[in-house]
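The chain below stands alone and is given in structure tokens; this is the form predicted on its own.
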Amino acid sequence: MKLYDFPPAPNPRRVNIFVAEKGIEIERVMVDFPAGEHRSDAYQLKNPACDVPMLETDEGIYISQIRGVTRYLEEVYPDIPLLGRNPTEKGLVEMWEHMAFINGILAVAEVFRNTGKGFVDRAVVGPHNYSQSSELAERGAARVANFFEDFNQQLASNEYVAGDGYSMADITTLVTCDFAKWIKTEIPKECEHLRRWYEKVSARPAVVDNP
């Protein structure tokens, strides 16, 4: 297997932490994202979404999108389950991981890509060009604030995001909190439960090794 990677970006980091938590050894292929390699004809033939990360299986099948990559790896390497240990957990992990992505990662991205000078006409990742919108950036900032409050409330009565076990939901939530720093936003001091959880999961070796 090969993992097409660009470690500084939040989405590849989600998979890199997942892989490290499971102890999977996998070959990396670095994609020159700043140079636009992900939009080249050669890369687009493998991945029409033009994003990273992307997994190439031993059979030569290309899988992109975080859920596709992590689902495949979870099935191939079931030890140390990170997508849930039983039907209930699997449903809860899927639910909370999706909410962390929709209300967290994408909210930060609304601000980041709609305000960054390098993203003029590239406000959305992918093969198509979209112009920046100040209204979307403003909305994204409000959504990030709500994300912190909502997940603080969830962690008030749960050790981890989806319950009592560390999972992919924690990985996406953690990466969101760090991605928010790219737009100069930190976890508010009043979100004590989220801050307590953040300090704990940030100390995990898989996270430390994938800053």
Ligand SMILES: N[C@@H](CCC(=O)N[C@@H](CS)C(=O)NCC(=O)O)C(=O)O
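Start at 1 and count along the sequence shown; that's the residue number. Small disclaimer: the values here were computed from a predicted structure and weren't measured.
We do not show the form predicted together with the named molecule, though everything after this point is about it.
Proximity of Glu94, Tyr166 and His193 to the named molecule in the predicted complex is absent: no residue of the three has a non-hydrogen atom within 4.5 angstroms. Checking Gln153, Gln44, Asn146, Gln65 against the named molecule in the predicted complex, a heavy atom within 4.5 Å turns up for just one residue: Gln65. In the predicted complex, none of the heavy atoms of Ala180 sits within 4.5 Å of a heavy atom of the named molecule. Although the partner is absent here, Asn11 is a contact residue: one of its heavy atoms lies within 4.5 angstroms of the named molecule in the predicted complex.
Taking the partner from the other structure, the named molecule in the predicted complex has no heavy atom within 4.5 Å of any heavy atom of Arg28.
In the predicted complex, at least one heavy atom of Cys50 sits within 4.5 Å of the named molecule. Residues placing heavy atoms within 4.5 Å of the named molecule in the predicted complex fall in a single listed stretch, namely 119-127, out of 85-93, 71-79, 132-140, 119-127. In sequence order, Phe33, His38, Arg39 are the residues of 27-45 having a heavy atom within 4.5 Å of the named molecule in the predicted complex; the partner itself is omitted from this view.
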